[in-house]
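Shown next as structure tokens: one chain only, the form predicted alone.
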Amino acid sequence: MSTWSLALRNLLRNRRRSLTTLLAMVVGLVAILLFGGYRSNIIYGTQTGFVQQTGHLQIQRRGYFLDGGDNPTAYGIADYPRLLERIRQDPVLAPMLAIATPTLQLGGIAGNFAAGVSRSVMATGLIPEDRNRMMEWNDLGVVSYARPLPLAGAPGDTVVIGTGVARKLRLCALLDAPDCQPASPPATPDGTALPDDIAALSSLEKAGPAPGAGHRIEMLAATARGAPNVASLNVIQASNMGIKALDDVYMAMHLTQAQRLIFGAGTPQVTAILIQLHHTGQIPAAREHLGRLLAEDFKEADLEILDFDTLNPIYRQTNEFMDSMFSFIALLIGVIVLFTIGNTMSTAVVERTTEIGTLRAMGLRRAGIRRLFVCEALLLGAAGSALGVLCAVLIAYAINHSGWSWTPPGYSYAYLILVRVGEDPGLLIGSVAGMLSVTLLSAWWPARRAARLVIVDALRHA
């Protein structure tokens, strides 16, 4: 009779204890897989969102990321068209490149002066068609909350603002919010109400445009020479940006409009060139080659390359937090399973001491005794892993189709609770391998103790 069949018969001989141990393993593995799948979904989701917004890599003037956010004129890239063309035509970068597009970050004051209100904003000048293509990136297959910008094909003076900005500027027609305070009725300089006939004429002048035409606001910004510059803009949509702090200052506009605000009739510049690759794993190769390209052809521009991990510190912080939580939970469950299986095997050794002595007296070597108990543990581990994976996949499917959602801290809307178990082979393989390793470790000491029993003492055991 082979060692494996003998080990299986020994497990079936005490079904209750074997089932209890098996249940502990299944519950532990299911818990690890479900939390690991939830962690994977959060990490992959945040990575997808950041790559859609900022690309995998950005080329900036050195120091802009740390010190130049409020001074785009001092850190502008003047020769950006030639740089873009060089990147797009490069034989090494081109196959990896999904899109390369320029962007200009600027600050200013947006005002709805007809209502007498204004607020500071952080505007992004971009090429809408390029940005909408970036929003389509979803190499990791997660649920994407990105929506295309309606600026594509719209006139050059159109903008999109956050819902927080719309509320501050009292553009209530753009919001589905009954508590939004509309613009106050017109008044004279001393605060008294205008006569009805004049107020009627004023209201006609200030009446909102036809449906779909947008809402006029003004934006004040400082030019490269420090002079104030004002642009009349047409708001066509208020978008919920998800994060309230961003939603209260967000504005997106055409790149040409942003360049006119900052540089006027001078040479237009940008603050960054966004590079989105087909796959995140291509970052090291693309960054290395791009660094050589900049050092050879654009050394005088003093440019640096930043990846999305550096540009978005919250991504690294989220990963570290989720990894620490997963490691703690996995360690806790591993210790529980370790002692559960170890207790089961130790009890089996005590109960089968006489049997062990008989086997040794019949000529079975110590290695054979160790192999017998290790095979029993492996059978338990294999069965527990198979059942655990099956249960985890079924529970994950139920969770993913339940519609459960939650609102993360600092966010404005809810996100679906999703668990990536079947879609994450690394998690499955790592968890099963970890469970089998714990099983072998827990069986090793009892098996060693069983093999070291003295034959005569084992046969006399009552």
Partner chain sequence: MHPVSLRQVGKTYRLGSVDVPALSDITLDIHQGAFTVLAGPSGSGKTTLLNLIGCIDTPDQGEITVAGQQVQSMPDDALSDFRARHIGFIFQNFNLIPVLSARENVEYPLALAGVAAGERRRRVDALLDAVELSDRQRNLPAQLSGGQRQRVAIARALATAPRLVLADEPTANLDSHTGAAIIALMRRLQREEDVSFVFSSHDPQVHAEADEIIFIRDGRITGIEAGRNTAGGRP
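Computed from a prediction, not measured in an experiment: that's the story for all the values here. Positions refer to the first chain, counted from 1.
There is another form of this protein, the form predicted in complex with the partner chain, and it is not shown here; the text below is about that form.
Visitor: Quick one: does Met362 come within 4.5 Å of the partner chain in the predicted complex, counting heavy atoms only?
Guide: Flag for Met362 set to yes.
Visitor: I'd like to know if Asp90 sits close to the partner chain in the predicted complex, meaning any non-hydrogen atom pair within 4.5 angstroms.
Guide: The answer is no: Asp90 has no heavy atom within 4.5 Å of the partner chain.
Visitor: Heavy atoms within 4.5 Å of the partner chain in the predicted complex: does Arg13 have any?
Guide: Residue-level check for Arg13: yes, a contact with the partner chain.
Visitor: Verify the contact flag for Asp307: yes if a non-hydrogen atom of it lies within 4.5 Å of a non-hydrogen atom of the partner chain in the predicted complex, no if not.
Guide: No.
Visitor: Can you pick the stretch from 245-253, 384-392, 348-356, 115-123 whose heavy atoms fall within 4.5 Å of the partner chain in the predicted complex?
Guide: Of the stretches listed, the one contacting the partner is 348-356.
Visitor: Can we say Leu6, Arg366 and Arg460 each have a non-hydrogen atom within 4.5 Å of the partner chain in the predicted complex?
Guide: Every residue of the spot touches the partner chain in the predicted complex.
Visitor: Where, within 228-259, is there a heavy atom within 4.5 Å of the partner chain in the predicted complex? Residue list please.
Guide: Heavy-atom contacts to the partner chain in the predicted complex: nothing from 228-259.
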